[in-house]
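The chain below stands alone and is given in C-alpha cells; this is the form predicted alone.
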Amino acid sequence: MSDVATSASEKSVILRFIKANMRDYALLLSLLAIMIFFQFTTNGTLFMPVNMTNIILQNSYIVIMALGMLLIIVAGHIDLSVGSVSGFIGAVAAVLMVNYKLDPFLSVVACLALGALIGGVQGYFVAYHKIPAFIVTLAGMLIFKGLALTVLGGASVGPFPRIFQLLSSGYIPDFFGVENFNVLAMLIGALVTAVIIFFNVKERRNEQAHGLAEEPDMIFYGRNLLIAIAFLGFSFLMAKYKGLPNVLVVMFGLIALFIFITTRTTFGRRIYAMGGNEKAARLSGINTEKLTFLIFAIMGALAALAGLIFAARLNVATPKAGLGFELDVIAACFIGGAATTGGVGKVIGAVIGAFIMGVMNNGMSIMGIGIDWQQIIKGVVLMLAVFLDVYYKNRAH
C-alpha cells in the first residue's frame, strides 16, 4: 500500500512541476511537432544534412540578433532598428573591403565597433533623455535605411574577399580524412553534449545539497536524454555533409555566453529586476540609465555581426539587406516566451522561437507555399504564442 501511495505522490509532484513549467515544455514540444510535421510533408527533405545546414545558415543572423533583443525586451524596451542597422553595417563592410580594399579583419572590427556605437547612441537617448525606445529606434530604422542606400549609391557592392566569405560559408576543417563523414564534427558534438550534461548534473547535485531541487528525477533524466539525442543526432547530420559551419560555432558560443550572462551574473539579474519594476530597481541602487545604455550597445554590436554574416552569405551588400529582420527577431523573442511587459524571458526560449520561425519558413518554402500565405501563417503563430503567454499568466494569478 505504501508503494502505491509513493507512486501516486511521485506522479502528483511530476504533474505539478509540468503544470508550473508548461510554457517552457510547450515551446520545445511545438518545435519538435513542427519539425516532424514538415519532415513528413516535405517527403523527408527537412532532415536531410544539406537542408539542416541551410536552416542554420538562413537563421544564424536572426538567432544572433534575438539574443540582444531578448535583453532589450526583458528590460521593458523594444528595438525596431536592428534590421536597418544590420543592412547598413553590411553596406559599410562592402565599401571598406571591396571599394577601399581594407583588410577584412580590420573591417570586421571597425563594423562591430560602429554597430556598438550606433546602439549606444540610441540607448543614450532612451536612458538619459527618457525618449521611448519605440520612437528612438523607429527613427533609427528610417535613418539607417537611408544611410545604407547612400553608402551603396543605390547599387549592390561585391563580391567580398574569400576570407570574409568564410564567416558564413566556411566549415571547420576535418583532420581525420574519412570519406563522406566529418569525424571532427561528430567528436565536437559528443564533447559539447557531455559538457552540457555534466554541468546539468553538477547543478542538480548542488540544488539537492541545498534542498532546492524542484525538478523530479524522471523529468531531469528524460530531459538530459533528449538533449543527448538531439545534439548527437544533429552532429551526425552535420558530419554527413560538410561538418560544422563556422557561423554555427559563432552562434553557439554567443548562446552559451548569453545564457551565462542572464543566469549567472549580476548584470543579467539587474536587467530582469529593471524590467520587472524599474522604479524599485532604481531605489535598490541599480543604475538603470547605464544598464539601458549598455544593453542597446550590445544590441547594436550583435546587429552589426548579423549584418556581416548576412552580407558574407550573399557575397554582396544590397540596399534592401536587413529588410524585415526586426520583425522576425522580435517575433522569435515573443514566441520564445518573453513577456510584452518586460522582466520575463529566457535565452533558450528566444533561440527556440527563432528556429520555430526558421523551420516554418524553410518547410513552407520546400512545400511551395507562396510568400503571402507564409506571412499570414507566421502572423497567426505569433498572435497565438502571445495569447497563450497572457492566458497562462492570467491563470497563474
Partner chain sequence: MQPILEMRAITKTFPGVKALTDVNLSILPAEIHAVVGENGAGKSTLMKVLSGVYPHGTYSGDIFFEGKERKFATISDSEDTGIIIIHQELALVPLLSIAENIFLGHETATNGVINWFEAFARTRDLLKKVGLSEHPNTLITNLGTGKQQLVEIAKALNKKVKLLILDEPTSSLNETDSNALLALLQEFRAQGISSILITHKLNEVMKVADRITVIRDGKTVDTLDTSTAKVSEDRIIKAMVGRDLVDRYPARTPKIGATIFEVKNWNVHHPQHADRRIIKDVSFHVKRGEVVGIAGLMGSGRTELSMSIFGRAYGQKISGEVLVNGKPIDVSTIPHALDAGLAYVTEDRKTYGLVLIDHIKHNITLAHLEGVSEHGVIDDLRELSVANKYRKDLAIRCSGVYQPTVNLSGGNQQKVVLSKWLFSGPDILILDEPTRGIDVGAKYEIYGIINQLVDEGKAVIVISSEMPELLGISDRIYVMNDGRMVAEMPAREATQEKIMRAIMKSWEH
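Positions refer to the first chain, counted from 1. Just so it is clear, the model here is predicted, and its values are computed rather than measured.
Omitted here: the form predicted together with the partner chain. The next part is about that form.
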Quiz item: For the chain seen here without its partner, which of 93 to 101, 249 to 257, 189 to 197, 268 to 276 has a heavy atom within 4.5 Å of the partner chain in the model of the complex?
Solution: 268 to 276
Quiz item: Within a 4.5 Å heavy atom cut-off, is Ile286 in contact with the partner chain in the model of the complex?
Solution: yes
Quiz item: Would Arg264 count as touching the partner chain in the model of the complex under a 4.5 Å heavy atom rule?
Solution: yes
Exercise. Please check if Val109 has a heavy atom lying within 4.5 Å of any heavy atom of the partner chain in the model of the complex.
Key: no
Self-check item: Contact flag, Val344 vs the partner chain in the model of the complex, heavy atom cut 4.5 Å
Solution: yes
Quiz item: Exactly one of Lys320, His210, His129, Arg162 has a non-hydrogen atom within 4.5 Å of the partner chain in the model of the complex; which residue is it?
Solution: His210
Quiz item: Which one of Ile135, Leu225, Ala280, Val178 is close to the partner chain in the model of the complex, taking close to mean a heavy atom within 4.5 Å?
Solution: Ala280
